[in-house]
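Just one chain follows, in the form predicted alone, and it is written as structure tokens.
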């Protein structure tokens, strides 16, 4: 009886001690001082450095524990713990009802009846007219000459004093499928206007971060082969429409022998343009094999094996596009109906994207 009573008393004492320890921890957490609440600059910087060092140590401990768990799982033949996915702005974006789904029948039905279906179904071959605004710049012609080397079957016409509506009529008569207008400001290209013919739509892009071919280190020179087109992350209805507009500028039968790749990569509503070509190199990897390991006089024979290594060489130019507006039909500033217009009040969050 006495022994049972002592055990119960000791268990009660241990429970009280655990409760006191937990209360102390809670008090410590409450009494932790944030560096921003300290007025003294030296003390504030010291506390901040201490907290930063402690975070670094905790992170290192977690990495070591994870590596040990993976090693233990491999030794036991078990599955390693799942890898943690980092939180980014892209994978924490706001929910959007216009995101295209792979089983969206309405979307596929719209693709068969939109303005680009005749080109994408190989009924028409893309033929592009490139021109400038009325006041051209020094870098404008260099940029246009590089666009002509990127887009097959593209033709440059001087703008002169012609109105854009007359240029649209002329392009329709000459059976062009699209018009690209390069807008310049302060001797620098700052905008692209892409007009689909004959029924539109018209997309206005802001152009920035332009780097010409001559300014790219170790650049390559493109060939006349039709390039392969890569479109990334055009996920919404609007993005899908912009992707099809860009796709209609290029022929749908690329020559893979030319090893040319044109990429339009959408990230956070910024469309990054890159132009590369594949390069295949054969490298020899030597392996030494000894015939007699126990014999001292055994000579190593080096066997050369060929290994094909592929890498990319940038051909240029390099620039970034940002959609300003999308208009129904061809260019019309007065009576045109807009499908989408970017406004400053639409930027309510960093995690809200439209393409």
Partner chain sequence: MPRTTTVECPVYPPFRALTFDALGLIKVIEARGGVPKVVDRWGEPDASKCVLAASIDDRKTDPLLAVARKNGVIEVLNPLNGELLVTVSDFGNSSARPEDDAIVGLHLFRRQRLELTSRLCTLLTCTTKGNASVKTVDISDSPEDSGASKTWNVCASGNIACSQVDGSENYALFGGKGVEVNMWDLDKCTNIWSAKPPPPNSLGIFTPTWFTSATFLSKDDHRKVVAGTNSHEVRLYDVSAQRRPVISFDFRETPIKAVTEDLDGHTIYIGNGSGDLASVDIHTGKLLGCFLGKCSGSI
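What you see is a predicted model, and the numbers here were worked out from it, not measured in a lab. Positions refer to the first chain, counted from 1.
The next section is about a form of this same protein that is not shown, the form predicted in complex with the partner chain.
Trainee: Are all three residues 102, 123 and 258 in contact with the partner chain in the predicted complex, where contact means a non-hydrogen atom within 4.5 Å?
Mentor: No, the whole trio is out of contact, none within 4.5 Å by any heavy atom.
Trainee: Just one of 188 to 196, 77 to 85, 108 to 116, 260 to 268 has residues with a heavy atom within 4.5 Å of the partner chain in the predicted complex, so point it out.
Mentor: Among the candidates, contact is made by 108 to 116.
Trainee: My question is simply whether residue 331 lines the interface with the partner chain in the predicted complex - judged by any non-hydrogen atom within 4.5 Å.
Mentor: The answer is no: residue 331 has no heavy atom within 4.5 Å of the partner chain.
Trainee: Which residues, if any, of 329 to 346 lie within 4.5 Å of the partner chain in the predicted complex when only heavy atoms count?
Mentor: Read in sequence order, the residues that approach the partner chain (within 4.5 Å, in the predicted complex) are 333, 334, 335, 336, 337, 338, 339, 340, 341, 343, 344, 345, 346.
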